[in-house]
Each structure stands twice: as structure tokens, then as C-alpha cells.
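In C-alpha cells, the next block holds one chain alone, the form predicted on its own.
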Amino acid sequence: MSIFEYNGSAVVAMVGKNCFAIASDRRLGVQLQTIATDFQRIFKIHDHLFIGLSGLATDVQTLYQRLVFRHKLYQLREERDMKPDTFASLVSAILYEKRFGPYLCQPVIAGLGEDNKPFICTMDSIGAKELAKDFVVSGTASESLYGACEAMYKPDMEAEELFETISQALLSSVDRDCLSGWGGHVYVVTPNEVKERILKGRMD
């Protein structure tokens, strides 16, 4: 078993019309043993920027703390929030710095940029970015997530439809992966508000 699969995870971000959604499962496991069913994998950087971290749970928490520190320094110096593409470059640089002993995380970044244009991207553990215009996935359930998102995604969805689509894609995918599950955590972000919802899984 790969070290990336040790704790299990599923993270997905999807683009709508002037909005985006990011979702993750809630299971923290040690291989096939479930330790907790409320583990946080999605973190808010500011109102229009979120990051989801799949991979080793200890590195998820360490990397998140480092990113918050760097973003606060940027806010102090620039007196503004970081744009999503700038933040993606920061995450990539931090991961690449540690390439000989990497953080065992695969980030998914989602945000609203200029003119409320959604931005999503994912990267590997050494910071190689992969940009997309529809959806990005990460974690042990990524194979089934790709299939579910390909089948369900439509361009220019409004916030409510986007929530339904990403929720169904996540829940149907984690049902096919024994290392992730126990419902989900979904954020839907529009220019005016952030909606956070907890999904119940089959086991709840």
C-alpha cells in the first residue's frame, strides 16, 4: 500500500457559473481501520479561496499551518487577499522546496478570481500543477471520482445544481473505495456567500 493511501481520502472541486464547489469525505483511517468520521480535509484561506488536501493526515495538518502562515504574511505586506492563481503558485513552490523529502499531500485549490471567474487546480506532492476548466480530483477515490464527474458534470451550473452534482459524484465514488467515505463535507462558494454542508454517508 502506498503511503498516500495510508489514511484514505477523496477530494473534488467543480466549477459552476460564477461559483465553485469543493468537497471531501470525512473518514480518517489507518489502512482499513476507521479512526474518526469527522476529519477535516478542506480549509478556508479566505472567503473566496479554499484548499483541499488529500494524503497523509499529519502532513495535511502541517502543510495547512504553513500555508496559513504564508498567506497571513502576504496579507500584512500587500494589504489584500491572495488571488487563487497566486496561491496555487505559492503552494507549488512550497511543495517543490521539499521535493527530496516531500509533504505526502496532493492539494486541490479552488477560488474565485477577477470578475468572479472560478479557478481550480490540483498538483502532485512535488508541486506539478494541473489546471482544469471543469473539475479536478485527488485522493484514493480519484479513479471513481473521475468517472462520476465525467458522467454528471455540465457547464455553467448554478450554485444549487452544482451542490447536487458534486454531492452525488462524491457519495457514489466513495462507496466504491474502501479507504474513504463516511459522508462528505461540501462548500459551495458564490461571490456573495459561502455555503457549508455536511453529507450523511451510508454508515451514518
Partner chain sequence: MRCYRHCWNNEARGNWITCWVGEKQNEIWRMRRDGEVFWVLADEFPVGDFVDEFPVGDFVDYGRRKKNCSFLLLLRFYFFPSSLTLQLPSSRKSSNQSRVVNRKMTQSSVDLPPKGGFSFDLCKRNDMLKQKGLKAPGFLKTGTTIVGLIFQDGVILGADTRATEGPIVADKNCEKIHYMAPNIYCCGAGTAADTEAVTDMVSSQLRLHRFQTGRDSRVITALTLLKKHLFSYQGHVSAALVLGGVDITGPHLHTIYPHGSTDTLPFATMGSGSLAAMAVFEAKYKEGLTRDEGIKLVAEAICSGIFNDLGSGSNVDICVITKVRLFIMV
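In this text the structure is predicted, and so the values were computed from the model without any measurement. Positions refer to the first chain, counted from 1.
Beyond what is shown, the protein has a form predicted together with its partner chain; the following relates to that form.
Against its partner chain in the predicted complex, the set 58, 98 and 124 is in full contact: each member has a heavy atom within 4.5 Å. Its partner chain is not drawn, but in the predicted complex it has no heavy atom within 4.5 Å of residue 72. Residue 146 belongs to the set of residues with a heavy atom inside 4.5 Å of its partner chain in the predicted complex.
Within 4.5 Å of some heavy atom of its partner chain in the predicted complex lies at least one heavy atom of residue 104.
A residue is said to contact a partner when one of its heavy atoms sits within 4.5 Å of a partner heavy atom; residue 117 fails this definition for its partner chain in the predicted complex, lying far away. Stretch-level contact analysis of 138-146, 33-41, 153-161, 46-54 against its partner chain in the predicted complex, using heavy atoms and a 4.5 Å limit, identifies 138-146. Counting a residue when any of its non-hydrogen atoms is within 4.5 Å of its partner chain in the predicted complex, the hits in 62-86 run 66, 69, 70, 73, 74, 77, 78, 80, 83, 85, 86.
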